[in-house]
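For reference, the chain that follows is the form predicted on its own, supplied as structure tokens.
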Amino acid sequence: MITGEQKPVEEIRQMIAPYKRILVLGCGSCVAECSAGGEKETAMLASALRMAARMNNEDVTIEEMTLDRQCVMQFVIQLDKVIDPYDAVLSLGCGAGVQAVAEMYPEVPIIPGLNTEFLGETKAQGEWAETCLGCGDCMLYHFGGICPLARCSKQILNGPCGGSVDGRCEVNPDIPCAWQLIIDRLDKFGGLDRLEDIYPPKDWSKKQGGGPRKIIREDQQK
């Protein structure tokens, strides 16, 4: 999923300062899972902004709404019925959500309330970890389901650096050595022979070398 963290309230207040009627727009998917932009967080931020406005004698109307997903047109179009009275929308979606809403409503400023962080997984309650870079050429089969690009601090593709201690990363001892995990995983499933291959440097053109990427599935189009 895409993770995000809320921007500092003072930074948000500076961005919304020119506007008098503001809609705080939450997103019920990825950023809800990481407790950054779901319905609960949207209500809390809107309340905090209203309180700050009252304390500073600011004549501002701040209301909130949460969509199931901000990055999908079929959900964003729900704003058609409510968006007219607002001078600006403060989006608590990821960067893709902010841009999707902005594209559909170009006449309204869409302001980001989150910093989009990384593709990751929920490790535990309140803990999310980066596990994928979205490189466009997945090699997880070769490395036992563990991505050395995302999880090795040095992004090494051909074996460990040799600096780990007790299975901990040389660069950051707080995290496990990705290559130790890879070797243990492949050994468990009899796949160590995959490491005999030499993998060339990553072709990053598949990530973004040709500009923004898109996926088109004709079988899914009407």
Partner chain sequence: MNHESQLKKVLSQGEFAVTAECGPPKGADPDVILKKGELLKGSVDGVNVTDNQTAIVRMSSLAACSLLKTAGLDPVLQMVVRDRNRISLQSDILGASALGIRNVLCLSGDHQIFGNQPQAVGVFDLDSIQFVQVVKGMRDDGVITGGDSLDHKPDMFIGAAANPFADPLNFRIVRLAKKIKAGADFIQTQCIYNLDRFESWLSMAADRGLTEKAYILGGVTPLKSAGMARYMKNRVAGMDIPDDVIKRMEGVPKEKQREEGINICVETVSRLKELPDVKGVHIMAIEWEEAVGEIVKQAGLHPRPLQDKG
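Predicted, not measured: the structure shown is a model, and the values here were computed from it. Residue numbers count along the first chain shown, from 1.
Here the subject shifts to the form predicted together with its partner chain, a form of this protein not shown in this document.
- When its partner chain is considered in the model of the complex, Leu195 lines it closely, a heavy atom lying within 4.5 Å.
- Among residues of the shown chain, Arg185 is not one whose heavy atoms approach its partner chain to within 4.5 Å in the model of the complex.
- A residue is said to contact a partner when one of its heavy atoms sits within 4.5 Å of a partner heavy atom; Arg69 fails this definition for its partner chain in the model of the complex, lying far away.
- Contact between Glu33 and its partner chain in the model of the complex is not found at the 4.5 Å heavy atom cutoff.
- Taken together, the three residues Ile156, Glu170 and Gln180 all lie with some non-hydrogen atom within 4.5 angstroms of its partner chain in the model of the complex.
- Although its partner chain is not shown here, in the model of the complex the stretch 158-174 places heavy atoms of Asn158, Gly159, Pro160, Cys161, Gly162, Gly163, Ser164, Val165, Asp166, Glu170, Val171 within 4.5 Å of it, in sequence order.
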